[in-house]
Ligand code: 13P
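Shown here is one chain on its own, the form predicted alone, set out as structure tokens.
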Amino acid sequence: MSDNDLATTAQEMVAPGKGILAADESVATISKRFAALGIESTFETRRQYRELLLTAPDISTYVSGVILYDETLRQGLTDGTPFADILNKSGIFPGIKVDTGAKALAGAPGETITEGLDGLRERIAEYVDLGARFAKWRAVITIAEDGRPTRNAIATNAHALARYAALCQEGGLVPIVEPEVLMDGDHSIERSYEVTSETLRTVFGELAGQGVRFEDMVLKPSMVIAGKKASLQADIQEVAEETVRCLLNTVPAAVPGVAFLSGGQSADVATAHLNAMSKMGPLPWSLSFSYGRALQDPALATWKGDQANVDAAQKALYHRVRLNGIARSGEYTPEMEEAA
């Protein structure tokens, strides 16, 4: 894929009114979510659930791409049609998670480094052959009272993100660069701003150093938000203002779009935050969404592993993506939550 094609794909991934559905949970992660609802996790039940998501009627109106897991990219409909073909035919880009997870960082207790660079060039080539158009790599940054994150954790994760992104662009995939500052803990929104700013500055320094083309990528950051256990929680507007201020100070204008992760926020709060930020234009880049649980949870809870509930679950998913599509124009209201 040429540079122009990558740039066009990146722009279309953050097209107005659309966002990205993150459905890239590992087998272990999706099995935990299934278990919480009493659903047996097998190759077939996971396939059925992903088919439910990917074939939901009309979601292409609000979904530009879907991030898949390795298992899912190799699966298909009951008749054998690959999921990637179904997505491509509906105008939705298939994407693929290419990292192999966060592992303990040597010499840094409580911190992690995301692995998966070994053999990545070859895996990218295979994923392109399987129909993928973009990829995702998630780095995890933890805030804690013991001084975390260390400079080492931020720097090593930023370097890995940059190496991944360079390999993706070389191999013909648009890289989603995801540095997630976790909401876990009791840190303030001020501390979140400080760590997120340092992380993003370091990431873009490494991206530049590796020759990554900013116009051919999408950024997937966490919002600037207080820890879940913080005694003082910022309201919707403050989160929006602090997040946009952070991005303006760290993200180059050449990046076509910022597709936020939800990071454990409830579905309605994640939508409200996006809506508030969308009102704060004009901005150098598009603001979009790349939510996982904040889009999937209502559908999964409706399905419950029962194929008789597929239609209702797909309607729940459509409702969620529609509200976030509306939030991208700043026209979402809480009253819309009840209008499923």
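Residue numbers run from 1 along the displayed sequence. Worth saying up front: this structure is predicted, and the values here are computed from it rather than measured.
Keep in mind that the form predicted together with the ligand is not shown, yet the notes after this line are about it.
With the partner left out here, the ligand still marks one of 271-279, 44-52, 299-307, 286-294 in the predicted bound form; by a 4.5 Å heavy atom cut-off that stretch is 286-294. The closest non-hydrogen atom of residue 216 lies beyond 4.5 Å of the ligand in the predicted bound form.
Of the heavy atoms in residue 165, none are within 4.5 Å of the ligand in the predicted bound form. Although the partner is absent here, residue 138 lies within 4.5 Å of the ligand in the predicted bound form, judged by heavy atoms. Proximity of residue 220 to the ligand in the predicted bound form: non-hydrogen atoms within 4.5 Å are present. The partner is absent here, but in the predicted bound form a heavy atom of 262, alone among 192, 243, 199, 262, sits within 4.5 Å of the ligand.
Contact annotation: of the candidates 327, 14, 321, 22, the single residue with a non-hydrogen atom within 4.5 angstroms of the ligand in the predicted bound form is 22.
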